[in-house]
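Here you get one chain, nothing else, as structure tokens; it is the form predicted alone.
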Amino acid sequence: MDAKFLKPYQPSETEPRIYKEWEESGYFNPDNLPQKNGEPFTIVMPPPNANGNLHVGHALGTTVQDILTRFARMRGKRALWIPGADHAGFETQVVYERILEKEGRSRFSMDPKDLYKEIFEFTQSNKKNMEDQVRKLGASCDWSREKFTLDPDVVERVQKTFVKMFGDGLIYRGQRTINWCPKHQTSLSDIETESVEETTPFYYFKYGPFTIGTVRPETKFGDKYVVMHPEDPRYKEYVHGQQLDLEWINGPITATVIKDEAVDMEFGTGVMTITPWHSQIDFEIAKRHNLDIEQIIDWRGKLLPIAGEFEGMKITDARAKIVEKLNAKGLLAKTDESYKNVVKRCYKCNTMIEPQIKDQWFVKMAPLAERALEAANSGRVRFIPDHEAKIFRNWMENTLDWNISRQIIWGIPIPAWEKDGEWVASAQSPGEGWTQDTDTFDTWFSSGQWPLMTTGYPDGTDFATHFPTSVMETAHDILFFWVARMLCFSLYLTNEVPFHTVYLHGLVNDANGKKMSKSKGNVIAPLDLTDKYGTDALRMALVVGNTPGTDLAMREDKVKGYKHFANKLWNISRFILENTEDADMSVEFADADQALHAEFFELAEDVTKDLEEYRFYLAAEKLYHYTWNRLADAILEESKPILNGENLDAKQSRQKFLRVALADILKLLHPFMPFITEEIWSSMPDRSNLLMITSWPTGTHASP
């Protein structure tokens, strides 16, 4: 028996050596596999952000993707898992801006090229750190194919997509209401904002003969339109277009009555004034009626000259003073101090989002969403869990045009050029006098094309062999923001879905089910747990009991429990190898061992079916209970008198069964616990290759 079994299993000593052996074998690359002409099985790694350490959610995704890849590889498929990293545009720039703040610097005083260079160096360092962490989680991905969202070929391809979409009329430039962060000076996607319910005073003001309500009196300086529902009987005496003279914040104004069905007759008094520049609803009303639109708040969150004496004040400082003035003029009717209001805030700095109107590039989503819906409805793409398909359809049926412009330097430049008010899309300058747009793409515009970019669209060898990919595994909270866009881009560019199955895992929360955040101090670092208990223990803790789409409460004691399981497996293996050194593998099974063998392969068939149906949580739990409760607690105890008895035939049969059972339980456990199973496998007599490429049990025993 191998001398290593004389001491307890030590993950910290074993895991780096095992991973190095895997990587040096070349078997992460499907071109080097014995089954290199087998059926392709492809997964594209959701690229972690290259701006920091992995979190425990990454560990869950990495584990599930690795289980799928190792399972496919052992079943003779040409398994390819493509790793990558995301430049993560706005998010990375925010991280770096914090570094600049600590150094007493600001991006606004830097040359954009210098800032880009510094962020690039920062991300390259973090990218290497992130890749090392992915390795420590046991990821059997093909590092020779690793991609970065700012690789030159990716940038070129993404820009070509923009040019094509512009030519096809799917991209336009126009004024729309955007989410604007006054601190970071950029527009944000919806996923980059957080909707927070806050208790905000709700003010009722007298506006001529009407009473209007608002939580934002600082936006009301330019309000000269009063809007009501055309069927509201309370205001039937007023007609559309009627003008009224009245007193307002900075003196007399003339207001115009607008009748529009967008008004909710049940809310407040059923009448409102509008601020088209700072509200999407108001903007749409203004567009329908061709009304004037004027900016009240500047890009830094301060009031413009239209505010009169309040010009230059931050809106948070001005609000109370504006209310005080209106009250002094007898225009404050009442105040509701308990009003619950949903406020959008920047998810990175918590600054209140200011709706602003800005010329931006937009994608027409309706025609793209229609094709994605057809793919889902026809079964070309499957969602796990099933209820996510309903959520997907709801989003696709109600999608809005997508703002893809970002006012940051860290990203892929938008290949658009302007001259005398005319815009063209081109990867190169159209000629003298043309100026390129200074904006960059929303990160989702590039990552939405990720399966295409990583497989070498349009003419790469991998694209021909590995596209469409097999499975997209990611968190359920980015179903719309990423998964839907990957479907849209792929169908638009190739007429193919980018993957046939979407597996959506839940979020990993703390032990109390609370979302992890640095401010709460409840962040669990996955590598802290692997250092303490081993990677296999963490992987099992993340999988067992974790149904797809359901958020997981992560407890350290659960990881510790699977460390005990790893130790149990180690001790089981030591016992079997020690007691089967002289096993004759040519003997026939006795009836009792034939029954045990049949029982085992019922388990193997169940586990195989569970994995085929993405029931990882069930497969892992069944293997845990068989190994501990059936094999260790029952079969091994029953075997001791047989192995020590005088009946040679019974002993030889039991030795063979135990050797076969150990070999096959290692195979079944390998996708879940790759390190310890590979380490034990290396001590199996007559092993011919690494466990990672050994054939999956199929119903008849395979020799170890």
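Just so we're on the same page, rigid core means the largest C-alpha set that superposes within 1.5 Å between forms. This one's a predicted model, so the numbers in the text were calculated from it and none came from an experiment. All residue numbers refer to positions in the sequence shown, first residue = 1.
Another form exists, predicted in complex with the RNA; not displayed. Remarks below refer to it.
Engineer: Using the partner position in the model of the complex, report whether His466 sits within 4.5 Å of the RNA, counting heavy atoms only.
Structural biologist: Close contact is absent here: in the model of the complex, His466 is far from the RNA, nothing within 4.5 Å, heavy atoms only.
Engineer: Decide whether Gly213 counts as a contact residue for the RNA in the model of the complex under a heavy atom distance cut-off of 4.5 Å.
Structural biologist: It does: once the RNA is placed as it appears in the model of the complex, Gly213 has a heavy atom within 4.5 Å of it.
Engineer: Check whether Pro201 has any heavy atom within 4.5 Å of a heavy atom of the RNA in the model of the complex, and answer yes or no.
Structural biologist: Although the RNA is absent here, Pro201 would stay clear of it in the model of the complex, with no heavy atoms inside 4.5 Å.
Engineer: Does the 4.5 Å heavy atom contact test between Lys147 and the RNA in the model of the complex come out positive?
Structural biologist: No, Lys147 is distant from the partner.
Engineer: Work out which of the listed stretches, 422-430, 545-553, 584-592, 303-311, brings a heavy atom within 4.5 angstroms of the RNA in the model of the complex.
Structural biologist: Looking at the partner contacts, the answer comes out as 545-553.
Engineer: Thinking of Asp190, Arg574 and Ala632 as the candidate spot, does the RNA come within 4.5 Å of a heavy atom on all of them in the model of the complex?
Structural biologist: Spot residues vs the RNA: full contact, yes.
Engineer: So which of Gly208, Gly270, Gly456, Pro413 reaches within 4.5 angstroms of the RNA in the model of the complex, heavy atom to heavy atom?
Structural biologist: Exactly one listed residue reaches within 4.5 Å, namely Gly270.
Engineer: Heavy atom within 4.5 Å of the RNA in the model of the complex: which of Tyr492, Tyr116, Tyr347, Trp628 fits that? Just give me the one.
Structural biologist: Result of the distance check: Trp628.
Engineer: Can you tell me which residues in 333-350 come within 4.5 angstroms of the RNA in the model of the complex, by heavy atoms?
Structural biologist: Stretch hits, in order: Tyr339, Asn341, Val342, Lys344.
Engineer: Using a rigid core superposition, assess whether Gly268 undergoes a CA shift of 2 Å or more between this form and the one not shown.
Structural biologist: It does, since the Gly268 C-alpha is displaced 2 Å or more between this form and the one not shown after the core fit.
Engineer: Once the core is aligned, please say if the CA of Asn341 is shifted by at least 2 angstroms between this form and the one not shown.
Structural biologist: True for Asn341: a C-alpha shift of 2 Å or more.
Engineer: Aligning on the rigid core, do we see the C-alpha of Asp223 shift 2 angstroms or more between this form and the one not shown?
Structural biologist: Superposed on the core, Asp223 moves its C-alpha 2 Å or more between this form and the one not shown.
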